[in-house]
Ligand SMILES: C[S@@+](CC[C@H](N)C(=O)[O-])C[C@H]1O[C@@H](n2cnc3c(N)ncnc32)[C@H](O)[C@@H]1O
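Listed next as structure tokens is one chain, alone, in the form predicted alone.
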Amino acid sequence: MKFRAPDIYDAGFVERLFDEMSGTYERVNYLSSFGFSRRWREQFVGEASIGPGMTVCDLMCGVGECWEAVSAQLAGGRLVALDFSGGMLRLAEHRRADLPDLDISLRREDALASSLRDGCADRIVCGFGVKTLSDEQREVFASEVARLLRPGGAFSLVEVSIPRGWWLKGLYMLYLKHIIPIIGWVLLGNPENYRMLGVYTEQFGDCRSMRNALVRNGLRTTYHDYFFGCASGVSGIKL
């Protein structure tokens, strides 16, 4: 029988990947970014201009790594968090328990086809999720952001990216594709799973294509570089 390579953008493949990584993902992410991932989350959440009493949607929420930053701005508001990885959501439940003052609704749903109603969100955030989307899926994601936001609502997302400078690009990709899997293995994760994060990042490049998809769906956008392009982001509003 001829070997058939998996479709790395297939929802089932991505779900299984993150289910398997869920127990070590947050620690690997923090250590492998030398702590910058926490800073990037604070920065990108800040770009969303969240205020008291708002309804915020966290799409592809993972284990809720950006919730502390959201909580600092959302007094009296509501956070609706979606992810299709059961493993990630089980850990997100623990984080929800650590934030008793934040009204958090957790849903196991695909961010590309959720049951949330049109215009339900004042703000949308998404941290380190869009690199796992194909070009076509990014268009769907952009249309969902436009659908879920109320007029005047704002969004912000961030993603690990390939820096543009030749002096940093080679070293950074070597680190993503070879060193991070070793860190995952040391922390009792599967190194092959973490090697996939480098593959996704290499295919993704940076958030420029995501920005273009959001613009095509009628959203006004601003592009952001973080730490020489090692991460990038897009924020904006629905007019």
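No experiment lies behind these values; they were computed from the predicted model shown. Just count from 1 along the sequence shown to find any residue number.
FYI, the form predicted in complex with this ligand isn't displayed, but the following is about it.
Participant: Only one of 60, 180, 214, 50 comes within 4.5 Å of this ligand in the model of the complex by heavy atoms, so just point that one out.
Facilitator: Of 60, 180, 214, 50, the residue with a heavy atom within 4.5 Å of this ligand in the model of the complex is 60.
Participant: Go through 98-106, 144-152, 69-77, 84-92 and give me the stretch that gets within 4.5 Å of this ligand in the model of the complex, heavy atoms only.
Facilitator: Partner-contacting stretch among the options: 84-92.
Participant: Would you check, heavy atoms only and a 4.5 Å threshold, whether residue 206 touches this ligand in the model of the complex?
Facilitator: Output for residue 206 is no: heavy atoms all beyond 4.5 Å of this ligand.
Participant: Taking heavy atoms and a 4.5 Å cut-off, does residue 169 contact this ligand in the model of the complex?
Facilitator: No - in the model of the complex, heavy atoms of residue 169 and this ligand never come within 4.5 Å of each other.
Participant: Indicate whether this ligand has at least one heavy atom within 4.5 Å of a heavy atom of residue 129 in the model of the complex.
Facilitator: Contact check for residue 129: yes, within 4.5 Å of this ligand in the model of the complex.
Participant: Can any non-hydrogen atom of residue 14 be found within 4.5 angstroms of this ligand in the model of the complex?
Facilitator: Although this ligand is absent here, residue 14 would touch it in the model of the complex, with heavy atoms inside 4.5 Å.
Participant: Using a 4.5 Å cut-off on any heavy atom, which residues of 93-117 would contact this ligand in the model of the complex?
Facilitator: Residues within 4.5 Å: 109, 110, 111, 112.
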